[in-house]
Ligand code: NAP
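Let's start with one chain on its own, the form predicted on its own, as structure tokens.
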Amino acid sequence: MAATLLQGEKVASEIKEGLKKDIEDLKAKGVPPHLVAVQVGENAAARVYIRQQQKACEEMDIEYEVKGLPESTTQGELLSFVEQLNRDDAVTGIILMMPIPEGIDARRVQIKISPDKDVEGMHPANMGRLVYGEMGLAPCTARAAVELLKSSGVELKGKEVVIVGHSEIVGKPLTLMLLSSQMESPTPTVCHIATNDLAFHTRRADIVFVAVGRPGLIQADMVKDGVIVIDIGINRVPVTDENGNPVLNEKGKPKKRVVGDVDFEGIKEKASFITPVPGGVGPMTTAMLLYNTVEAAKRVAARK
């Protein structure tokens, strides 16, 4: 029996619908959500994300503004610019677009962003709150994965969870989120590049999260029947024909498709729930960015 798909679009729509009243209330208080994206230099990938963010904000009637700085911007200049945004009460949220030019320490810049305006949830103060079980402004992708899992309706208490990947953006905060309840938490195991026998861990898991960026990393023989799989990976791989040859597009270039980190076709026949890629965690991450943007505006409104 094939797994039930955990469709991110459906859950994301419900989250966004719930934000509409909050946005109306904030505007009535004179604090409309206003998200500023800071981009240093030009980067095609960053522009793609900017367009996606702008479209999502426009749909929710959230003001979105891009502040572009030249490639020659120094770290000191960038830190000063961020501090100006921190002091501007008309700006309720700040996001630093990656990548940034060499010579600038992204972590130092992220720390400079006010924790109350940190819509990515990456400031040490926001990460630290997770230790105390406070979600607040939490990292968007990690929270997206947790909310998508919760949409399955499966009770987490007593479950064995394996998280593959221990990044600061996903793996580490995801672990803390799963441990947020003293009585209802599952038991998480975190695997990473230094894990000797990955399959040993994944085969005993009731729930597997994967966020590595390696297509096909988790195969069907590495999970048990009835497992829940949350695939957070996003990879572009070539499209091939039945002989394994690359398929070309109308411009004569190899076609590519987006896949996750798991063998979706093989695992969906064993799993009870699984996220598709694309269409799973991706739409939820955008919804969580909007959620954090509204939450940050609430904090500005509280200070006023």
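From 1 onward, residues are counted along the sequence shown. These figures come from a predicted structure and were not determined experimentally.
The form predicted together with the ligand is left out here; the points below concern that form.
For the marked spot (L35, L290 and A296), a heavy atom within 4.5 Å of the ligand in the predicted bound form is absent from each of the three residues.
Using a 4.5 Å cutoff between non-hydrogen atoms, I193 counts as a contact of the ligand in the predicted bound form. The closest heavy atom approach of V170 to the ligand in the predicted bound form falls within 4.5 Å. Contact annotation for I234: at least one heavy atom lies within 4.5 Å of the ligand in the predicted bound form. The ligand is not drawn, but in the predicted bound form it has a heavy atom within 4.5 Å of H166.
The partner is not drawn, yet in the predicted bound form one stretch among 246-254, 275-283, 22-30, 57-65 has residues with heavy atoms inside 4.5 Å of the ligand: 275-283. Checked against the ligand in the predicted bound form, the candidates L217, A220, L179, L79 yield a single residue with a heavy atom inside 4.5 Å, and that residue is L217. With the partner omitted here, the residue from V212, V161, L96, L148 that has a non-hydrogen atom within 4.5 angstroms of the ligand in the predicted bound form is V212.
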